[in-house]
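One chain is shown next in structure tokens, namely the form predicted alone.
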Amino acid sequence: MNNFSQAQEIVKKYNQEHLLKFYDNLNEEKKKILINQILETDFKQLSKLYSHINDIKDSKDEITPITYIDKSKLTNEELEKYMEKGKDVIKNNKYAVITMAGGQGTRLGHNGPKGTFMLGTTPDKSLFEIFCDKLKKIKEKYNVTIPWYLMTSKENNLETTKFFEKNNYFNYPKEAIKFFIQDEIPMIDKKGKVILTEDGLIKQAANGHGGVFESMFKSGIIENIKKKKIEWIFIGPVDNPLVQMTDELMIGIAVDKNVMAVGKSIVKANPEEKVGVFCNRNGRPSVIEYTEITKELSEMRDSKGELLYGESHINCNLFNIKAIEKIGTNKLPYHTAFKKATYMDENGKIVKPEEPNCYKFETFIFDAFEKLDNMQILRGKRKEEFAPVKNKEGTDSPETARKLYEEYYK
């Protein structure tokens, strides 16, 4: 049986025949792409996800506050102890960094990968160069080249790699930088039908930052890391120029406390701030999303007046290689988001919605925490750790991020 016949059988079995309706209108290259998309799609999984879209979440989980270490309250002796242990890990080539860089700069009004966005600093630098500068400082400080892995997307991988080539890898050793591509999952409409792009291919979306683990295994990155005998991997986002990619304190705490992971937190600005917060869920480390937390929990305070659930997850996490191997063998659960998506319907008409019309599925990195027996939370200061670049103007914009970045690095 040839690939086209296989694809026909699959779409018929899952009532998705519309996917091949415009096949004859495609050129040869796109025909191959569409057939491969169909053969690679897990339609059984999509059907299952669609059938559970309207499920009401079970609220029987026992949610309790999580303990944390406050960086600002450590003694000089404690700081020195943790810093020395962290330095030893870096000096002995046991450390690597992963930057999640699969996003586009659309919301910023930037046409290209988000990492190529110029922040407007003096001198002006892209987010990628800002990150690379941090690694170069460590190289200079310890005479060690930290391996840097960048998770791109199918959409921006080529443009990202070309950007690095054009900029001579920002004078960081080329062999120390590796790119790998994040997985995608098709989007579906309200009837459970997989939707098509305007040019007749399956419309897919990145499978969320939790997909970093599975992508590491599929791409062979995990084998590359193990070959280098690396023990600790920091995973962080590309859209926060204040990310401390090589925090000796964070590493040292992980070693000293003998934990599988450390997550960075900053204090919630107020009970209403729309951020996920660290907690214990049924006795295991977890994050409760702002969409899930009750008003009662979000406003609870301890005897000192601090929020009991006030440790914001800023997506800056350190994992032991054993933790990643454990997480990678288990699929993380998918979460559903109702989004606006332009697509071609079954009649060949382009639908441009004004309100959400399709479902997108994504995994979250913090769901991996529940698979670990132990984890430490390190509370830092917002002005030192968190300057997200998400919106074109206002809160979390290039303007606010640039100000925080320049104030910190003065």
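Numbering starts at 1 and follows the sequence shown. Bear in mind that the values here come from a model prediction, so they are computed numbers and not experimental data.
Keep in mind the form predicted in complex with a small molecule is missing from the figure; the text below concerns it.
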Residue 103, heavy atom within 4.5 angstroms of the small molecule in the predicted bound form:
yes
Using the partner position in the predicted bound form, report whether residue 390 sits within 4.5 Å of the small molecule, counting heavy atoms only.
yes
Residue contact check: residue 203 to the small molecule in the predicted bound form, 4.5 Å heavy atom
no
Using heavy atoms and a 4.5 Å limit, would one call residue 248 a contact residue for the small molecule in the predicted bound form?
no
In the predicted bound form, the residue from 312, 160, 286, 315 that sits within 4.5 Å of the small molecule by heavy atoms
315
Students should find that, of 154, 137, 339, 228, the residue having a non-hydrogen atom no more than 4.5 angstroms from the small molecule in the predicted bound form is 339
Testing 230-238, 161-169, 274-282, 71-79 against the small molecule in the predicted bound form with a 4.5 Å heavy atom criterion leaves exactly one stretch, namely 230-238
